[in-house]
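We begin with a single chain expressed as structure tokens, specifically the form predicted on its own.
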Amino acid sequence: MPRLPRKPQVELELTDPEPFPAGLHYLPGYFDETAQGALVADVRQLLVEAPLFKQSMPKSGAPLSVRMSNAGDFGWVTDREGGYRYQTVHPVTGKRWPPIPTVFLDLWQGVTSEIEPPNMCLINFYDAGARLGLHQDKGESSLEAPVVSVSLGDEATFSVGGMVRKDPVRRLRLRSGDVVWFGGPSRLIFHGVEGIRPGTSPLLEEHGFAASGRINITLRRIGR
């Protein structure tokens, strides 16, 4: 696929007059419908090699509502026995994660101007009942590198907090093709997904998925 043109970056704009912190960027409609279809095709190929699987919480073993997979050198995994961690192989198949597609590497470099590429690509699939609570992307993840996120499929309510969990939360409706990325002073901002609006996009079903839903691609760099 040819390299995508860089697009102007705009800050998050909601009804709240208070500006979002520096380092948090929202690129609405970054990928058009044709590009979205090509991205879904890439994701489907990744999921052939590294199928979606259910994660669970440490200690309690309570299942996460979001099904996940990964690409790159590392993948994020959590279960009752091992807790939160990054590992180089799929926990079900035992195989190494597939490479990150070039289009996602181009996106990373194009929007962030980072020279060093990401080495982890988290794939989240949200159905009607899935959500992801407020959290920070840290652990072994490099705090000097940004986090880049792509939305594909149904609309989602993205919640953005502050640097402390109890900080007020603002909400943004993410649509298919939107990109959000954050780094610098916003690298450890709390964020999450409160849920999706089922049936708001036919994208996934039109490109081979059995049902509608939302795919979120998150690019990061792991420190070791």
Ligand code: SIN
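Numbering starts at 1 and runs along the sequence shown. What you see is a predicted model; the values in this text were computed from it and never measured.
Keep in mind that the form predicted in complex with this ligand is not shown, yet the notes after this line are about it.
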- Note on the structure: Among V77, L105, L132, V89, just one has a heavy atom within 4.5 Å of this ligand in the predicted bound form, namely L132
- Note on the structure: As a check of understanding, the residue in V193, V43, A50, V179 with any heavy atom within 4.5 Å of this ligand in the predicted bound form should be identified as V193
- Please determine, with the chain shown alone, which of 78-86, 138-146, 97-105, 120-128 has non-hydrogen atoms within 4.5 Å of this ligand in the predicted bound form. 120-128
- Taking heavy atoms and a 4.5 Å cut-off, does S201 contact this ligand in the predicted bound form? no
- Does the 4.5 Å heavy atom contact test between L174 and this ligand in the predicted bound form come out positive? yes
- Hey, in the predicted bound form, does Y30 get a heavy atom within 4.5 angstroms of this ligand? no
- Do Y26 and this ligand come within 4.5 Å of each other in the predicted bound form, heavy atoms counted? no
